[in-house]
Ligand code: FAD
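Okay, so here's just one chain, in structure tokens, the form predicted on its own.
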Amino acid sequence: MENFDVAVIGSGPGGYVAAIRCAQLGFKTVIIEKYNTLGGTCLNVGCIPSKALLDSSEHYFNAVNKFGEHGIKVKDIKADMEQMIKRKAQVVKQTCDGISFLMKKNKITVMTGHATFVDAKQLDVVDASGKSNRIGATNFIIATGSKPSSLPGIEIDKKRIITSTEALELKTIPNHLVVIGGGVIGLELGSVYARLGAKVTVIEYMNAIIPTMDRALGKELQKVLSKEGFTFLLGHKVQSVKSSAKQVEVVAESSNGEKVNITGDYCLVSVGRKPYTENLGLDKAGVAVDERGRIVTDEKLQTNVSGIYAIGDVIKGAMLAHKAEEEGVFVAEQLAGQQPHINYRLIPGVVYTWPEVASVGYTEEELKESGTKYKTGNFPFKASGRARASMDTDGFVKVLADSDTDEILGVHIIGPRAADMIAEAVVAMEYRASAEDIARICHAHPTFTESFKEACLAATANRAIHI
């Protein structure tokens, strides 16, 4: 039996980053992955392939709807779904191959198979052929991620009633895609097919889309997506979903009891994800889980069993790849005796629709509920010269700052390149910058980020220049 300093279970962003950082710090490290490719859900059937399809569909949408305005004349434009899927697969392969290279570069042992705890110091790793290998480790990092959730009474057949995994492999463009869930996954994948010409109906139980973000973002995004072929049924509870060979039938009920029947080609169930901890042998190791199946950890991300840690989607908190990455580094550096830091309030959230949506810090709803005195600065992209030049004038930047100290408490952006723009807000808030600080910093012209400066100016005695 081979022994390691650290054994990482799961090779998604949290797991592979944890393994690399452990190796950099001098630990003899092994990473165990159930499937034949590294990268976990994010790289194989999540973040990376969905962004590849989002980019392809955005190019098509612009060619059909915007190129003429730019003076680019094209005709007979067709969406080649087969080529889009092929390109997506190439992007996934290149990315996953890159992780394999990093494992070799950092001299990390890679084992393929399902890992199960024998006890708190040993794992059995069973490969696809049924062969078992036992390993030991001083420390374990559980990074097994999550899998799609469903709703009671809905049977996902992976043919007509599908999850995000199957939605990334459709061979034809649906005439009508029904999406259950108005969160990030449903809106992103709905955007892919809406841009390609599909009718998309989103059924959401809450009375707003992306309901965990600042409500102003959801309202603006709903307005924009409605112009792109989306229909929204908010405040509706799904009663049943039935499939046949060529269609699905969904019955939903509004808050006032009115029933709606929707017929479509496919039904995408995107109601969140749940921790993937089945058959890990957590009971044999003595590791505790909560009522939602999440592994319980302390402030050091250690479980109730010494030497066993957990990160990413299997523990509490946002199910985000970058959150898992930060936690992987956090655990590795603690094992090396360092004092790492994570501010969970400053982990940004992003929706990769177009316009993009990005948010960090407190929402306005949270500040109101807590009784915090705050001030608001808004700047619309329609007032941005750079946004007008690129025809991306939907959306705004919203800054929330403390009324007394002017410290930035939250930044919420919907607009072009919001996913990239939010990084400046995160840096500012990590250093507890004031709105005045950002307002005083010179931003290059013309750029989208000038809008962040203008919103900060608006938050400081309404000093925005360009509105």
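Predicted model only: the values in this text are computed from it and were never measured. All residue numbers refer to positions in the sequence shown, first residue = 1.
Below: the form predicted in complex with ligand FAD, not depicted.
Engineer: Which residue, Ser191, Ser384, Ser146, Thr303, is the contact with ligand FAD in the predicted complex, using a 4.5 Å heavy atom cutoff?
Structural biologist: If I apply the 4.5 Å criterion carefully, the residue I get is Ser146.
Engineer: Give me the residue from Leu400, Leu53, Ile438, Cys42 that has a heavy atom within 4.5 Å of ligand FAD in the predicted complex.
Structural biologist: Contact with ligand FAD in the predicted complex is made by Cys42 alone.
Engineer: May I ask whether Pro13, Lys34 and Met319 all come within 4.5 angstroms of ligand FAD in the predicted complex, judged by heavy atoms?
Structural biologist: Yes.
Engineer: Report whether the minimum heavy atom distance between Ile408 and ligand FAD in the predicted complex is within 4.5 Å.
Structural biologist: Ile408: no, not in contact with ligand FAD in the predicted complex.
Engineer: Given that the partner is absent here, does Ser164 sit within 4.5 Å of ligand FAD in the predicted complex, heavy atoms only?
Structural biologist: Result yes; Ser164 sits at the interface with ligand FAD in the predicted complex.
Engineer: Could you tell me if Gly113 has a non-hydrogen atom within 4.5 Å of ligand FAD in the predicted complex?
Structural biologist: Contact with ligand FAD, yes.
Engineer: Residue-level question: is Lys375 within 4.5 Å of ligand FAD in the predicted complex, judged on heavy atoms?
Structural biologist: Lys375 lies outside the contact set for ligand FAD.
Engineer: Can you say which of 328 to 336, 69 to 77, 287 to 295, 308 to 316 gets within 4.5 Å of ligand FAD in the predicted complex, counting heavy atoms only?
Structural biologist: Answer to the contact question: 308 to 316.
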